[in-house]
Each structure stands twice: as C-alpha cells, then as structure tokens.
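Only one chain is included here, represented as structure tokens and corresponding to the form predicted on its own.
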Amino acid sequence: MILSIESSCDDSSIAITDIKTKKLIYHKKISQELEHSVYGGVVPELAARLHVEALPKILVECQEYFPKLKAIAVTNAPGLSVTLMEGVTMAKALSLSFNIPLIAVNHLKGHIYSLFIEKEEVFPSTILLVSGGHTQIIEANSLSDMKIIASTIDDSFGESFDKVSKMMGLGYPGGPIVQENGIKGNENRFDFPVPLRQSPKIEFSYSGLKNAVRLQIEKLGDKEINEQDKYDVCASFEKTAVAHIMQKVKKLFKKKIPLNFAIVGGASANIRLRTSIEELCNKNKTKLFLSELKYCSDNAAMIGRVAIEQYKQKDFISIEDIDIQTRIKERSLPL
C-alpha cells in the first residue's frame, strides 16, 4: 500500500491506497474552512499551524496499515510554501522511519487523477482544471506527457468566487456560497462584461470581472445593499464567470473536437459549469469525465492515485532532493 499526504493549502488529508487493485483503503480529510472563514480567505501561517495539529491526528488512525506500506507519497508542488512544508516534513520522517521510498506528487496531476480514483486511467484527455489557484486547459496523453495549452493571465475562476463572496461579507469558501445565493437571484439584473470576449486567444482572465462586481457593489452600497441585491450580484456574476469559460472552451472545440474531456479542481463542483460543459460535450459526441464531488477539492486520495503510477515507474525521490514549489511556471507538468 501507499500512504499519501496532502497539505498544499487548507485541507489536511491522508489516504492509504492499494497498489495492485487501486482500491482506496482509508481516506480522511480535515478542512480548515471554519477557521479561515473569519478572514474571508486562507491565512497561510494559520493553515500551517492547523496542519501541524491535524496531520498527526489522522496518521494515528493509519497505524494498522504501517506494516503493509511500500512507499510514502506527498504533494510537493504547487501550493503554499508553509503548508506544503508540513506535509513534506511528515513524509520525510515516515520514509526514513519505515525505510521505504518517497514519491513527490504534483498537485495538478493529483486533480487530474481524481478522475481515476479506484479506476483505470483514460488518456488522451483534454482537461479543464478550475480551482482557487488555477484555471487551465491541459492536454494529457499520459502521466508523463501533459501540456498546459491555455491558462489565466491573472486571477483564477475559483479565486474570483472567493473575492466576490468576501466583497459582500458572505464568507469563505466563496464557490458554494455564491452558487447557493445565486439560486435566489436574478442573473440578468446586472450586465457584467464577459472577459476577453473579443480576443481570439484561448486564455482566461478574471481581474476585470472582479473589478466590475466591486464597482457595482459600491454603487449599491450608497443605498445600503440588501439581501436581494446580494442574490442578484451572485447570480449575475456566476452567469458571466461561466460564460467566459464556455466561450473559450467552445473556441477550443472549434479547432479540434476532443475525444475525451474532463473538468477537475475544487471549482469544478460548480453546477452551472458542469451542466454547460455536459451540454457542449453531448452536442459534439465527446465523452465527459467528472470527478465525484467529494474528490473535487484537495484530498490525499487523488495524490495516492497518482503515486500508484509513479510507484510502478519507480519514480522515487531522495529525502535530500525533495523540495517544494509554490507555482508551476512551465507550460508542461513535470515530475
């Protein structure tokens, strides 16, 4: 079995995965949403302290599996440096204590493999990754052959939901909160501009949309923003945010219709986005893959699924050589 650790942001998670059967034997995640909601977003130093408390508590529950472990896997990039370090430090200690190999896992590949938990891989696939830190389209042919073909030039899809929610004091994380409030709102009340509408490039941007929402909230604030105003802002924003992604994905489909398409990442849980992508794929006879909702956000189960493939390839790393990376700047996904 492989023990995997995820601590790239504000979720402390450990999983045990059977190498041969790919079966998820154990999985637990402790979320920090409540602690960070007070601040309207993740506070890195607080997240690191909470990982120090949570990860050992989860590890204690895994003791019965220790004799069967063949490797330790851990997220080492990308993510918050202070939180990645907590997981990597624990992974190093376990690898050294049990004298078993260490596997460094790219967090973005983890999200892609959230599609394949307890399943076989399906490649080639075109993948839309939407999360609090990333908005990308990835051409994935295999574990070692993945290329980012489009990305955001500023803010991410998920981060924009967090900021809009924070602007109105609705709480954190913003994705589910904005979605829930938007259900009660009029999506046509505010005509927010769709980013990069005239641009022929397949790329994303959310800074302008966020600013348009901010200006509208300030305008409403002059006469005291009420609950219905908030619902309408959420609905109108969500409509525009998804319309932007769909406009760019449709451009991609016009160039070449993918055989397989998938949405992954924490923000892939958005119902409007899922429904819109599903309609596009059905229209073009493209097979759509979706992660189970419980595996959309950060979790160790997806890290363990990647680790199985790396274990088969003997893709190990020494305790001395493993490092952390806060961002992936390349247009490919190494590791």
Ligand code: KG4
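In this text, residue numbers run from 1 along the sequence as written. Just so it is clear, the model here is predicted, and its values are computed rather than measured.
Unshown form predicted together with the ligand; subsequent notes refer to it.
- Put simply, Lys210 is far from the ligand in the predicted bound form: not one heavy atom of it is within 4.5 Å.
- Mapping the unseen interface onto this chain, Pro101 falls outside it, with no heavy atom inside 4.5 Å of the ligand in the predicted bound form.
- Residue contact with the ligand in the predicted bound form: Gln179 places a heavy atom within 4.5 Å of it.
- Taking non-hydrogen atoms only, Ser291 never approaches the ligand to within 4.5 angstroms in the predicted bound form.
- Annotated contact segment (heavy atom within 4.5 Å of the ligand in the predicted bound form): 291-299, selected among 64-72, 291-299, 277-285, 50-58.
- Note on the partner interface in the predicted bound form: the residue among Gly87, Gly110, Gly185, Gly175 having a heavy atom within 4.5 angstroms of the ligand is Gly175.
- In the predicted bound form, the ligand lies within 4.5 angstroms of at least one heavy atom of each of the following residues of 104-136: His107, His111, Ser131, Gly132, Gly133, in sequence order.
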